[in-house]
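Presented as structure tokens, the chain that follows is alone, the form predicted on its own.
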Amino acid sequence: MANWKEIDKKAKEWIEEAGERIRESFSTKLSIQTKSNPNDLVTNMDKDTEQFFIKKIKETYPEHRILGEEGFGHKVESTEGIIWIIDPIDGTMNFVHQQRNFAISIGIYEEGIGKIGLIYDVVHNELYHAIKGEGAYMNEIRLPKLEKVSVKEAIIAINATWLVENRGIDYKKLTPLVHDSRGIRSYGTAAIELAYVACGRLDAYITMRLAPWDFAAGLVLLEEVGGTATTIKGDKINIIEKNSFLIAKEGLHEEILAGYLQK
């Protein structure tokens, strides 16, 4: 049986060490490449950071599998066993252009169930963390259960990409939501937007496309504070596949889903 306290302790040590390595890189010149398109960036720090985690995990927990954004881990096609789902730098474009608004994200799952979630906002030194059943925290501050709000009171994260003509959704469904909500935000990093919903800085987050490493850690945090996560159609999230995503406070999730996305 896995010792989740020990795994959590190790993961926190590694994520803080990786964060320090990233901060030290600010004074050096980055090697920047593109992936699927010119705006899909990857740097030497993304690759180095993922390899740093893989080395630590393989040395300490050789039986665990690893699913990482940069592809240095295992090919994961099932949820069997213990899987570390890692995004070494979520928000690479922000990292390159701003040196802020990016995070390291690690979700650790057993048989498809989220056991540990860690999202580290490196620049602000904010570590959002949770062990299943033990609450969620930002550093040493326990996050309270989320309170219900309505759309008219809600701050909602939506990337502007989805508010113009696109292949993911009829943007006309979202226009009334933008109009009716208290405000719209976009931070350019799914991990931080998920963490912000968990801690109450945002009330909901909507996107048409997230990969497992974008949301794995955030789902663990969200469950501990009573939030709800589904696809934009209301379906269950598949943790090893890309999904559309609606994450929100209880009640608000249902209001957005029924009142806007499913109309």
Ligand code: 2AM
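We number the residues from 1 along the sequence you see. The structure displayed is predicted, hence computed values, not measured ones.
Keep in mind that the form predicted in complex with the ligand is missing from the display, and what follows is about it.
The listed set K56, R209, R201, H64 contains one residue whose heavy atoms approach the ligand in the predicted complex to within 4.5 Å, identified as R209. This chain appears without its partner; in the predicted complex, the one residue of A190, I85, A136, I104 with a heavy atom within 4.5 Å of the ligand is A190. Per the 4.5 Å heavy atom criterion, the ligand in the predicted complex is contacted by stretch 89-97, the sole one of 89-97, 76-84, 166-174, 110-118. Contact annotation: E50 falls outside 4.5 Å of the ligand in the predicted complex, judged by heavy atom distances. Among residues of the shown chain, N159 is one whose heavy atoms approach the ligand to within 4.5 Å in the predicted complex. Using a 4.5 angstroms threshold between heavy atoms, E69 counts as touching the ligand in the predicted complex. When the ligand is considered in the predicted complex, K242 lines it closely, a heavy atom lying within 4.5 Å.
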